[in-house]
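In structure tokens, one chain follows: the form predicted alone.
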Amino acid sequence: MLNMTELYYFSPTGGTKMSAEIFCEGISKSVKTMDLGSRDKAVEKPTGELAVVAVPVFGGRIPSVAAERLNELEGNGRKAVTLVVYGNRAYEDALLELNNVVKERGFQVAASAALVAQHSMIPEVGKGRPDDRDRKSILAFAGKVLEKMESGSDVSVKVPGNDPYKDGMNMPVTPISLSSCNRCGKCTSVCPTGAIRLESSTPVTDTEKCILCMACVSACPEQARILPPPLKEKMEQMLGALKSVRRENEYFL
């Protein structure tokens, strides 16, 4: 086991962090976590034996806000493991994009994975994941990564994807607040892009800044933030067939 791993994660609804923490548990005695979605904290530079970088997949790409925060890092030749976490549909170019970003910051990517978690917009898709079966496979992967690092073998890894990447997700809609909203301000504080502000104690969301990460929906204590019904219906139509499908995690060493 490694002594210490630094986990850099962007996890608006918790699934990415949960998956990444399982991996870190299997490879390191201690873990230092850094939230790429926090607007109040600078991204600390890595000092440990391994950096684990975990981000969700948005429409086959990685979130631009996560890529921007990662650009603050300097790898200086350190080894990294990259993880993309997706909602049981597809990860497309996201893992390749993440690896390219991480390599550009001076890291050596030793291993990568595409992991499945519960979908942030349609929770019935990938419901309950990561589950016990995922946990066992992620821990097994962590063991193989550790063996690879200890063997001193070539750290290069190849992952699927296309470059140029597919166009990023662009939906000119945002979550909305119901009348049950008590104006607590929680949504404004958790929004990673600062898209939500209170005007006359009412949440107002900037369409240009919102990335539909669902952090505000997940964090609302009154469950008063929701997707607009037309978008919810559209997503149900697009993803409904995946409710009975189980995608398996993919690992690259």
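In this text, residue numbers run from 1 along the sequence as written. Predicted model only: the values in this text are computed from it and were never measured.
Not pictured, yet referred to below: the form predicted together with a small molecule.
Contact with the small molecule in the predicted bound form, defined as a heavy atom within 4.5 Å, is made by all three of Ala90, Gln118 and Ile211. For the residues Val85, Leu95, Ala142, Val81, the 4.5 Å heavy atom test against the small molecule in the predicted bound form is passed only by Val85. For the chain shown alone, Gly60 is a contact residue for the small molecule in the predicted bound form, at least one non-hydrogen atom being within 4.5 angstroms.
Taking non-hydrogen atoms only, Gly240 never approaches the small molecule to within 4.5 angstroms in the predicted bound form. Not displayed here, the small molecule is approached by Met169 to within 4.5 Å at the level of heavy atoms in the predicted bound form.
Contact check for Phe10: a non-hydrogen atom falls within 4.5 Å of the small molecule in the predicted bound form. In short, of 23-31, 42-50, 213-221, 66-74 it is 213-221 that has heavy atoms within 4.5 Å of the small molecule in the predicted bound form.
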